[in-house]
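Shown next as structure tokens: one chain only, the form predicted on its own.
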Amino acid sequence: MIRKSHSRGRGVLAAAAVAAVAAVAPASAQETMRLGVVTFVTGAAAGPFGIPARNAAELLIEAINAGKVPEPYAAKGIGGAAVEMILVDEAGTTTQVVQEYRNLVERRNADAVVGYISSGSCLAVTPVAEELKKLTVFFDCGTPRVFEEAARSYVFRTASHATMDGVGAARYVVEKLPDVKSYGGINQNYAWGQDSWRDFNLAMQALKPGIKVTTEQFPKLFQGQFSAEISALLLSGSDVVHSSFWNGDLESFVVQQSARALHTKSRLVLTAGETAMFRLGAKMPDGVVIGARGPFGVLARKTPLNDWFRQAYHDRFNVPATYPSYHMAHAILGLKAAADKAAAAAGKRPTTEQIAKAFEYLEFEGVGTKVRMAIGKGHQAITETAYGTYKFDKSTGEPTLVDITHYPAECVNPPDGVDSVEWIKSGMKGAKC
């Protein structure tokens, strides 16, 4: 069954969240993997990010236990074991997040952990996971620092890091807006926002040398009100405004800037904007450049696995699957692919070390795209990415993306062993576009 976190200072889950969490029971009592799943269940990030991720985990784990996921994942269980999901809320300080992680491993005996949306959470958890030697799969957080600062043994990430987002956005801007002469940015003042702006800024300079940078705005995470920053952006006269906002900040910014018509003066580029397009609908202005941290949601490739996932998700939750759902699905499917590979080689339920070894440099079928654990010494995934332009279809009342462009993984991700910042500064040497 799903278990809630009750650690000091965290409180219980909101009543609505509890009601939405269905029990995920193991398919067999004989062999069980206790899988910790960490995501935002309460707070500003829950609605657009945490709940869609939790929904995907619930859906995937039930389907895996029942053997109902399409090939190549039709075999029941993960590494021969049924899965018991232990849900933990990511909301809280990094100190609390680390304490929750220790509780999962040391008190609740999690065999593996899948989780974390915030880059701050991932940076804090990584050394603890290595210390405790616990297999941990990051499903969403974007900072490149996790695998560029040191080699890891037990930590993996099945989503591409933020460099892909910044480089892909810059390529799209330069390609679609060839006359662009200036750009500014508004990004949250912590690892994710700083890294995202740095990568986009460097990529723009590499692709269009001499282009003018007008303003760099760094409001606090979860600030919610952006009047001063919007004023600065309006005064800057930027042709393009870049933002990696996510959570409630993203939706608040879109609504607040619309009231002051920033989007009519500057083309907005929202690298994580896909999570807001269905929630905002007609409140999202036409013409905004939208990313989904990879080819996910409406940007995903049509494949049998994607068709199954999209339909199953919509049937169960009555909303479209957005990219946090895809990221969670990839983390669980990547763990299953590695564990199944290790189990086949061992002839029995594999150890943590055997799964970790099988995970390194693994290539597996993702939902709508291929995933390759190609960098970070085999611990960091790369995928292709895609961007499109928002258009609200008034005839159907549905949000859509038009003018979609996909970029190959090797076009927007650095090679293995190459620092992402140095790669962009070099002009993205070796990029295969």
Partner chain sequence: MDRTILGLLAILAAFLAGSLLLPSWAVSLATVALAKALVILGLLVLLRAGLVPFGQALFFALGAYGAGMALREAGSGDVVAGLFAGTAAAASAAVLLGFLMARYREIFFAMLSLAFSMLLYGLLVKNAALGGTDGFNVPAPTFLGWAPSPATARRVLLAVAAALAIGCHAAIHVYLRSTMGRLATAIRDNEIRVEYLGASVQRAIHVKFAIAGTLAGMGGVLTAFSAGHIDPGMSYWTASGEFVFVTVMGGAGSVLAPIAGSFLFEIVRTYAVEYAPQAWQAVVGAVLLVIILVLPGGLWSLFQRRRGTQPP
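Note that the rigid core is defined as the largest set of C-alphas that superpose within 1.5 Å between two forms. Numbering follows the first chain given and starts at 1. Small disclaimer: the values here were computed from a predicted structure and weren't measured.
We do not show the form predicted together with the partner chain, though everything after this point is about it.
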| item | value |
| --- | --- |
| Every residue of Glu251, Ser266 and His314 near the partner chain in the predicted complex, heavy atom within 4.5 Å | no |
| Contact residue in the predicted complex, chosen from Glu84, Asp89, Asp140, Asp165 - any heavy atom within 4.5 Å of the partner chain | Asp89 |
| In the predicted complex, the residue from Gln99, Thr215, Asn306, Asn201 that sits within 4.5 Å of the partner chain by heavy atoms | Gln99 |
| 4.5 angstroms heavy atom contact with the partner chain in the predicted complex for Lys302 | no |
| Non-hydrogen atom contact Val41 with the partner chain in the predicted complex at 4.5 angstroms | yes |
| Close approach of Glu106 to the partner chain in the predicted complex, 4.5 Å, heavy atom | yes |
| Partner contact for Thr94 in the predicted complex: the partner chain, 4.5 angstroms, heavy atom | yes |
| Candidate stretches 121-129, 344-352, 357-365, 168-176, one within 4.5 Å of the partner chain in the predicted complex by heavy atom | 121-129 |
| Large Cα move at Gln311 between the shown form and the other one, threshold 2 Å, rigid core | no |
| Core-aligned C-alpha movement of Trp246 between the shown form and the other one, 2 Å or more | yes |
| Core fit, then Ala191 C-alpha moves 2 Å or more between the shown form and the other one | yes |
